[in-house]
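The chain that follows stands alone, in the form predicted on its own, written as structure tokens.
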């Protein structure tokens, strides 16, 4: 083979090597691009707000008490949960254009169930406290009450001062637990699953008094077969402004609920519902002496 032939073959070999290397490099770059594309996470879908979730589901899930007359309790005639708080939820559900589903809660479970999403809203005789804002949000005040004590009519107990050295019953997870300890440090607080259980302990002589919001005490007293045996006594231990519990950090839903409450008040529907449960013709008469906070437009 002469010099010219060898030069030609060498040139051809060099071209072949360079071509393969170029193809290999290009192939690697394309493979890297494909891998990067396939591994890149898809853009996350925007999470639905509570209003959209409720409308998509077609129902508002409301946490209510089922043993606190007249806010939320089981009607023996229909076996359905009824009450003032139920009617509050029903109004909001109608404003949303959805059905209402009720879930029973207690003072101890109402906040956890709302926080974990088991309920959309809690209408459960819940006092709006700043400490609770760490976990959930609240509506504006929809009911105003104050804490008192329920005792036997002839017990001789007329105020919190008379409870020194005595046992007092209330419900687990309620503001009443803390308030009574502060108001009467010398009493022993027994916390029960609910207020009916605390009232039963009072009847059995296991506690000298039951303490909670005056309207709840009124419901216990007047639901008894012998309401004349019991008396709500003393000055208010504390103010108890009730708020509807709402999921944290959903301002659209909170604004919607607040607007619904204010519309309810301005239209007279709130007063109608209030009189149904607390009016003169009810078993739980309590004059409406406060006004809902109404924001200017």
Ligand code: GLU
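These numbers come from a predicted model, not from an experiment. Residue numbers count along the first chain shown, from 1.
Only in words, not in the display: the form predicted together with this ligand, which the text now covers.
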- Note on the structure: Among 234-242, 55-63, 250-258, 268-276, the stretch whose residues bring a heavy atom within 4.5 Å of this ligand in the predicted complex is 234-242
- May I ask you to state whether residue 127 is within 4.5 Å of this ligand in the predicted complex, using heavy atom distances? yes
- Decide whether residue 110 counts as a contact residue for this ligand in the predicted complex under a heavy atom distance cut-off of 4.5 Å. yes
- Contact flag, residue 216 vs this ligand in the predicted complex, heavy atom cut 4.5 Å: yes
- Query: Using 4.5 Å between non-hydrogen atoms, is residue 167 touching this ligand in the predicted complex?
  - Reply: no
- Checked 175, 119, 184, 139 for heavy atoms within 4.5 Å of this ligand in the predicted complex; positive is 175
- Message: Considering non-hydrogen atoms and a 4.5 Å limit, which listed residue (132, 94, 206, 153) is close to this ligand in the predicted complex?
- Response: 132
